[in-house]
Ligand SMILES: Cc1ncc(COP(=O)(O)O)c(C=O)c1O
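Just one chain is shown here, as structure tokens, and it is the form predicted on its own.
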Amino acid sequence: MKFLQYPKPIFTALSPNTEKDDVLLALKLISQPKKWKQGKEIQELEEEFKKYLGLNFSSSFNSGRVALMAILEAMEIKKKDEVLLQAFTCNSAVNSILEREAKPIFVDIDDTLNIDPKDLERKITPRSRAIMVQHTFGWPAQMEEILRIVQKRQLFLIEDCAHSLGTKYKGKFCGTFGAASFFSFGRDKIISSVFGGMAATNNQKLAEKIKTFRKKLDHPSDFWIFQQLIHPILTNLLIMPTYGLNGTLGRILLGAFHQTKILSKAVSNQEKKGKFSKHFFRTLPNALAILAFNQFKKLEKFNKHRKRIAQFYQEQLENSNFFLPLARGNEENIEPIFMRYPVLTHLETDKILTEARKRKIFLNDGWRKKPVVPPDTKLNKMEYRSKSCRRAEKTAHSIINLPTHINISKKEAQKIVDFFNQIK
């Protein structure tokens, strides 16, 4: 977006999906507080969402993590029950399990950065109740093998589709294989309303229980809604231009907005310590449903763009000193959408990111360093045991994620490629 003329920085995260119409819509909604909490757009979004997936039920929440909480309650996951999920995941998913006083069982990853079916089967015990599959960065997990395990062990299958809205496996959308699925509309997801999420299912019994869960929830506060509406405005009109002029000043400005609570953080300090704030349990407000619906209408355009940029990276970096875990050709029955394009390296990633920042390329998206991200997450509070998922730990230390979002042009992708190709 070019509201102001400034040296344009490149970001993997930091509200990357927003276009001019999204910012103007947020500006309009700021001045219409009567539309903030309730309105017809909530139901319209839910109806279009379930129609898109071909499911019978969807229910919106103020985040993907609360949508997951609704699913766990509907499945009657209780104290000491085990939920198996992959390492190299976000603490938000883990905290929803911990909030139920259930036990997260971490499973190692395969070479596509998804849950490894072999390690999954090894870690199932008599206390296991559910398996959660992530579809990392929009690349589908090995669903055929996972479904075999689920049916054999008679477990619930939950699909974490925070990265994968639009991803297909064998012609079916990811999010339609399990007993239930949840999606995120977070600030750097496939579509974004800064915060927001959806639970979806074809199971009538689970659907009714998810509805019951949502009826207990209040709307978010006016101030919280304001924080989310102002986010795309400040990001595009002030924060990104400041980063373009001076990266240090940009970080200071963003930090000041967080410190003064003008902007909310994607993940709170409390969540990094394994705690889920009760006040965060809320429905999706109408204002954010309007933002999400505007983005949902652009989903096909967004995903086509992501695929084109991912293909460009693959072609331009195939002879580089980096390993491309998702450069797998045209695999039959798989249609990924590439929320990120990951590259792996034996070099020190912090040094690479520092050099990139000097060129106004900001690639530190938080999906690195630890098997439960972001990097400052307390692993002991997540109940993660060191060396229990060695491949995930190694990947976390060697990964850098390249941006694929709608605001990355071929010219900007070329700038990233040129930087990576000169690294030895």
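All residue numbers refer to positions in the sequence shown, first residue = 1. These numbers come from a predicted model, not from an experiment.
Beyond the structure shown, there is the form predicted together with the named molecule, which is absent from this document and is the topic of what follows.
- Contact with the named molecule in the model of the complex holds for none of L113, F312 and P336, as no heavy atom of theirs lies within 4.5 Å.
- When the named molecule is considered in the model of the complex, T395 lies well away from it, no heavy atom lying within 4.5 Å.
- At the 4.5 Å threshold, heavy atoms of G196 reach the named molecule in the model of the complex.
- Interface membership of P371, defined by any non-hydrogen atom within 4.5 Å of the named molecule in the model of the complex, is ruled out.
- When the named molecule is considered in the model of the complex, H163 lines it closely, a heavy atom lying within 4.5 Å.
- Of the stretches 200-208, 170-178, 84-92, 147-155, only 84-92 has residues with a heavy atom within 4.5 Å of the named molecule in the model of the complex.
- This chain is displayed alone, yet in the model of the complex one of S192, Q228, T235, Q134 has a heavy atom within 4.5 Å of the named molecule; that residue is Q134.
- Residues from 48-63 that approach the named molecule in the model of the complex with a non-hydrogen atom within 4.5 Å are limited to S63.
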